[in-house]
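Just the one chain here, the form predicted alone, laid out as structure tokens.
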């Protein structure tokens, strides 16, 4: 049986008309005239973005931002609802008396889910609104369009489904708008254009088969048992030979993996053999001199003042007179009657006569109701505080004779 049409190319119904124009300016004018003529199903094609083409075509703003916003708000609501349900009903957990529902703690998860759903909505919404993926279009069957659309051609295509479409009248409209050529474009069933190459089909089939391999392997591993550790792509020291806390060990007679430090052992760098620097002692007596490691300078004095103001002034006050804010509060509430011991006035002569090492020891170990500050303040900073205390004590017992002669006239 014979046919007038070739087997590999059977023309179908009319898709529309394709008009070519000489320049971007002509394309904009043509788009404006087609829009003013009442056509709504048409599109413009150029090898590069043409500024002003959207308003000329009458394209309205996309609804994609609203889709993104809606998905983001949905993500926020779902995240807060999810956390509320989990924290209040399915798995309530009292953490330090904190409330089961607290909006600030839900912000990070709500933010993440908001961004996640908004991103998915933006990505897939863009594809959907642009009718993607679309691997074939009737215009691809027009050789003139294929040759020029991506380099130097400017085209207007009006679909035959447009309510105002009339082949003769639409052709006249496009020619009136300055078209250099107008062609009819038809849907085609063509082996050349429609059918996927055999190589592409083979690649897709192979990819689908290979994509099933990981799932098959996972299913096999889940359904089987083994006496070997599971596969670990990044071991990250997970299978190192070690003894965990509260576990047994055959290495020691008592069978315990956790060991006490060896008697008399000292951690590296923690010997602290210098009694003068670490304990304030020289030959078993309180040191009367500062250690050689301490430089008696303005910098040390400033450091001592800084540490004193942080750790000592709350009780002893900024002048060391024992009038700190804690003592003031104790006096205000009558704490003395319940056993409150007022802080000492460090400026008293009895403290001024104490050796440097004794003051250092008091800071280290505390005295009476004063707690130890050995864990909070480093040795060098404790000596800097002692250095600053000496300055406070001297100022408390200073006289006019202690003022340099050149500065006495400034004193009123």
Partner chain sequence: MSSSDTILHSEEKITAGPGVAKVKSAGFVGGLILLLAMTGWGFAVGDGMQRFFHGYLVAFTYFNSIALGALFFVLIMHLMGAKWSVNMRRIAEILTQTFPLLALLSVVIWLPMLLGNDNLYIWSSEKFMSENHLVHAKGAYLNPVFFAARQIIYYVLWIGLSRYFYRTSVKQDEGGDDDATRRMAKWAAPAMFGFAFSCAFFAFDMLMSIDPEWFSTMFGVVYFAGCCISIFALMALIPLALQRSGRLVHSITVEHYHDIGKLLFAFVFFWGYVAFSQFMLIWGANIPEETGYFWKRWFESEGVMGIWGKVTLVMLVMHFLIPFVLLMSRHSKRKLQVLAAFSIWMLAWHYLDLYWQVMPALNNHHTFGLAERSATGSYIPMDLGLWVGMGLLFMGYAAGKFRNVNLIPIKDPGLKQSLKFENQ
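Here the structure is a predicted model, which is why all the values come from computation and not from measurement. Residue numbers count along the first chain shown, from 1.
Omitted here: the form predicted in complex with the partner chain. The next part is about that form.
A heavy atom within 4.5 Å of the partner chain in the model of the complex is found for one listed residue only; from 107, 318, 172, 301, this is 107. 102 is the sole member of 226, 297, 247, 102 with a non-hydrogen atom lying within 4.5 angstroms of the partner chain in the model of the complex.
Taking non-hydrogen atoms only, residue 272 never approaches the partner chain to within 4.5 angstroms in the model of the complex.
When the partner chain is considered in the model of the complex, residue 176 lies well away from it, no heavy atom lying within 4.5 Å. In the model of the complex, none of the heavy atoms of residue 353 sits within 4.5 Å of a heavy atom of the partner chain.
Interface residue remark: residue 51 is counted as part of the site for the partner chain in the model of the complex, having a heavy atom within 4.5 Å. This chain is displayed without the partner chain, yet in the model of the complex the stretch 91-99 from 91-99, 322-330, 207-215, 252-260 comes within 4.5 Å of it by heavy atoms.
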